[in-house]
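Quick setup: the structure tokens below cover two forms of a single protein chain, split into structure 1 and structure 2.
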Structure 1
């Protein structure tokens, strides 16, 4: 696969390394400032030999980058976050220009497999009211926000599948928790890249499902896999489409 990397920051550089290890070709790295990038701006010239563009740049340029890529008839993996208020415009791009976009706020393959497991576990637990779910996450001491986006997504999965839970609470609780509330709590400290835990606790035992990231490589590997997946597809996709396709071997998401 011939890859153009758009955004040569921390993620762009890890993607370059991992893609080469997997035998892919990096035909260009695009970044207006970063040293080591081969081009400053995306253009149809750079894209000529490309199969896929993997974009981990900045929110302000995500839509414009996608437009350049789709106009050139190329596919794009959009890992950049923060552009989601433009979701309709991004979708519109694919309908007017053709081509394909796959986006996700979390391309980690492990996390997405974890989500699929949590979803099934929550479906099972919907029938067992003696098990009470709660979520805890750990991150390094530089993280600016809490709970993590991943923990919030885990909360949505639980709420969607377990009828007795309908409200996520993540603030410090100075009162007893209500039965319909799902608690997400956070710890900040050290260098932890990200650990997420879903616990189902009953009066007699505890079931714990845990994902532990060792670094940012998981995002890179998932984004490369998304590039491989989207290469022969047309349409607007989220990583959930890819996961369902791979898990079920079902190609019905291919809108080409």
Structure 2
């Protein structure tokens, strides 16, 4: 693949390294402030020879970047988080331009295996009302959003599977939580790549499901794999589509 990397911070630099190790070509790195980036802004000229753009930039530019990429007829892997209030705009953009986006709050293959486990665990816990679920996540002190995209996706899994939970609450609580609310809390500090916990607590015991990242390499490799997966597809996808394809061999996701 010919790849353009949008966002040339720590994540973008690891993607560059891992993509080259896998035999792909980096034709441009884009970042308005990062030292070493070959361009400050995305443009149609930069994208002429590109197959895929891997975007780990900032929430404020995610939709604009996607519009530039899709208008150029290219594919985009959207690893940037915090833009989800614009989800409908993203879907409309892909439909209008006839291109392809795959997005996720976390492209780590390990995390997405973790999601599959959480889904099954939540289905089981739907039958045991004495267990109350909650989510906590830890990240480094440079992370721009809270809660993390991964934690938000975990929350969606829980409320879609457990009937007694229907509302996600992620702000600081200075009150008693309501029975239908699922609390997601966050800690920011140090250099933690990412740790996520789903806890089921009862009066007699506690069950914890936990994923701990050792570094950013897993996220980078997953994003590159997503770029490979989306190369011959058109439509609006999330990481679940790719994982179902891999796990079940279901390759029916071309939405052109």
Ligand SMILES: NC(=O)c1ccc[n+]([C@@H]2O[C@H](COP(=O)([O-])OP(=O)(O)OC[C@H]3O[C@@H](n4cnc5c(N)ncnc54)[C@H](OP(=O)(O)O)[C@@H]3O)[C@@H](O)[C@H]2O)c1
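Positions refer to the first chain, counted from 1. This is a predicted model, so every value here is computed, not measured. For clarity, a rigid core is taken as the largest C-alpha set superposing within 1.5 Å between two forms.
Trainee: Does the form predicted on its own correspond to structure 1 or to structure 2?
Mentor: Pick structure 2 here.
Trainee: Output whether residue 39 and residue 150 share a rigid part, with the chain modelled as two rigid parts between structure 1 and structure 2.
Mentor: No; in the rigid-body motion between structure 1 and structure 2, residue assignment puts residue 150 in the other part from residue 39.
Trainee: Return the inter-part rotation between structure 1 and structure 2: the angle in whole degrees by which the smaller rigid part turns against the larger, from C-alpha superpositions.
Mentor: After superposing the larger part, the smaller part appears rotated by 27 degrees.
Trainee: So if we fit the rigid core, how much does the CA of residue 185 shift between structure 1 and structure 2, in Å?
Mentor: C-alpha displacement of residue 185 between structure 1 and structure 2: 9.4 Å.
Trainee: What is the C-alpha shift for residue 126 between structure 1 and structure 2, rigid core superposed, to one decimal in Å?
Mentor: For residue 126, the C-alpha ends up 7.7 Å from its position in the other form.
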